[in-house]
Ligand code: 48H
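One chain comes next, on its own, written out as structure tokens in the form predicted alone.
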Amino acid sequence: MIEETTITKAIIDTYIKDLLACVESDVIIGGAGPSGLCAGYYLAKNGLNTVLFERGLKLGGGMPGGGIMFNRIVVQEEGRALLDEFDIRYQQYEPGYYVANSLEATACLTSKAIKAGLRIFNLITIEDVMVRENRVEGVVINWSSVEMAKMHIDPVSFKSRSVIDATGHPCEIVRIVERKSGGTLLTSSGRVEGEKSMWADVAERMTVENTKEVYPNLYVCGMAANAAFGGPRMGPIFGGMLISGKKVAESIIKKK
């Protein structure tokens, strides 16, 4: 016999235990796109208590949509080792160009990250940050449905030693810091430089170069890195996104 209230208790009890384990963590990631998932995988794999908050229902950011809703992505030679790391199958289209199914890529990234120990909570929005003495020390979260309904319901705070903005093109966490902290970002102007028009070759390189600390204890990866530091977008080629996620994880691990 199946008892509905046992199902209810099982869901609430296990979810709350996971959430409470993240109130104070080593790293908080905002955004479950490919760079955020990749960063979370390497951080958790190396023993850091890592939590990822995703505003939407689905994970993967723009990856599941591939290019113009054709569910295929391209990864260049430099990123091929990461396809192997995540057990993502691919085929060579031309020398240096590898094609993967975007849905399989998203599923493999998610599965490996969770199995490595990354805690992921979807349908949660990071609406503010905790800044103490000009350093980011955590984030402020609320349910995405509260944001969508424009209800005035107070959020709660989660503390961490480092925060990663992996929110993609909007670089939302960096913009919150820029708007509210009164501090200066570690960009050339001290402010968000803004994303430039598509140039895949340059964007792939700059995504990795721009993956770094943008404000004390706040890091950027993926398209958030190019938006913060002023690089172009790259479209449906994802090697730079994956390498960026690995790089930001390695930067935080070294600082541990």
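Small disclaimer: the values here were computed from a predicted structure and weren't measured. From 1 onward, residues are counted along the sequence shown.
Omitted here: the form predicted together with this ligand. The next part is about that form.
Shown here without its partner, the chain carries 50, 192 and 248, none of which come within 4.5 Å of this ligand in the predicted complex through any heavy atom. Shown without its partner, this chain lists 175, 169, 72, 119 as candidates; in the predicted complex, only 169 has a non-hydrogen atom within 4.5 angstroms of this ligand. Partner contacts here mean any heavy atom within 4.5 Å of this ligand in the predicted complex, and among 62-70, 209-217, 183-191, 42-50 they occur only in 62-70.
For residue 243, no non-hydrogen atom is located within 4.5 Å of this ligand in the predicted complex, even though that partner is not displayed.
Taking non-hydrogen atoms only, residue 100 never approaches this ligand to within 4.5 angstroms in the predicted complex.
Contact check for residue 228: every heavy atom lies farther than 4.5 Å from this ligand in the predicted complex. Mapping the unseen interface onto this chain, residue 55 counts among the residues with a heavy atom inside 4.5 Å of this ligand in the predicted complex. Along 118-133, these residues reach a heavy atom to within 4.5 Å of this ligand in the predicted complex: 124, 125, 126.
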